[in-house]
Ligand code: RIB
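What follows is a single chain, given as structure tokens, in the form predicted on its own.
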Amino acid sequence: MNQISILGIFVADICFFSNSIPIRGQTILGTNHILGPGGKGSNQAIAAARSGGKVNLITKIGKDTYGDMALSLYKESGVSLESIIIDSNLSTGVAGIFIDQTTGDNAINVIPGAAGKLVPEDIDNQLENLRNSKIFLTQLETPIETTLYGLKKAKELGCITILNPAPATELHEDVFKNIDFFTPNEIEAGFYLDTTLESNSDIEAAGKEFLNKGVKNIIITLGSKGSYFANKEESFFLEALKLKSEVIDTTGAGDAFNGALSVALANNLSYKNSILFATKVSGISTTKQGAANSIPTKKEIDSY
């Protein structure tokens, strides 16, 4: 029963490394580029599987080289292929990622490709899997109508629902009641409340606002500053963990966090311990290059 169902996209990440991120109209010379697997939902599925979860990914890919990359990665990571739709009329998605080597910051342009054609009917075809899932996790890279339909169905079938609202997209107020865990970063949280979160008191006030909207549990991730959790019973800040090596690339760190969080919750860890586990997995991922490629295995997590 500890199954985790994740709705999301796979894209091939083309990462460009340089000493700064180009601004409009600027051409710069980079130092390196790598091609690897990405897409928030896909990264989260890999993070969950590598963290020891039993994972079912609902996505759509093309019958092409990038699609083959996805399938071989899932086989290797232990993500179930059962709910992956392969459409030979569509192309697998791609993302262009610019990474500043000096700070680890990034800027990303995503073309969802085949996964951008996921429809509510694709969710209806997965109801049996959702019924057998404890957790349903999704983001906002799939078509919004399909994402919201997935959350609604998962809630009806008794799943614990997690929405990682990235990229930040307008949501109707009645969506929040279908969300058990809402996991924005501080920029995304500010987007939904039309404000900027600068101090701890700003973050605490934001937490209260999300709970008032109907979210059951809010986790605002704060990068190197850790995270903030609140529900009606408790609230706390958790610091980021001290890492054994320096941060070199934050791409995919939020995905590692959400994937690991879903595993911890599926295994009935306390909310604090679930967030600590997610913080550890996401922290380790920032010490390596790439998105999916940087996600640690269960063995690495346990021995870190």
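Quick caveat: nothing in here was measured; it's all calculated off a predicted structure. From 1 onward, residues are counted along the sequence shown.
Note that the form predicted in complex with alpha-D-ribofuranose (RIB) isn't included here; everything after this is about it.
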{"property": "Option from 102 to 110, 221 to 229, 119 to 127, 83 to 91 whose residues, in the model of the complex, bring a heavy atom within 4.5 Å of alpha-D-ribofuranose (RIB)", "result": "102 to 110"}
{"property": "Residue 53, heavy atom within 4.5 angstroms of alpha-D-ribofuranose (RIB) in the model of the complex", "result": "no"}
{"property": "Close approach of residue 215 to alpha-D-ribofuranose (RIB) in the model of the complex, 4.5 Å, heavy atom", "result": "no"}
{"property": "Interface membership of residue 295, alpha-D-ribofuranose (RIB) in the model of the complex, 4.5 Å heavy atom rule", "result": "no"}
{"property": "Interface membership of residue 97, alpha-D-ribofuranose (RIB) in the model of the complex, 4.5 Å heavy atom rule", "result": "yes"}
{"property": "Contacts with alpha-D-ribofuranose (RIB) in the model of the complex, stretch 39 to 54 (heavy atom within 4.5 Å)", "result": "39, 40, 43"}
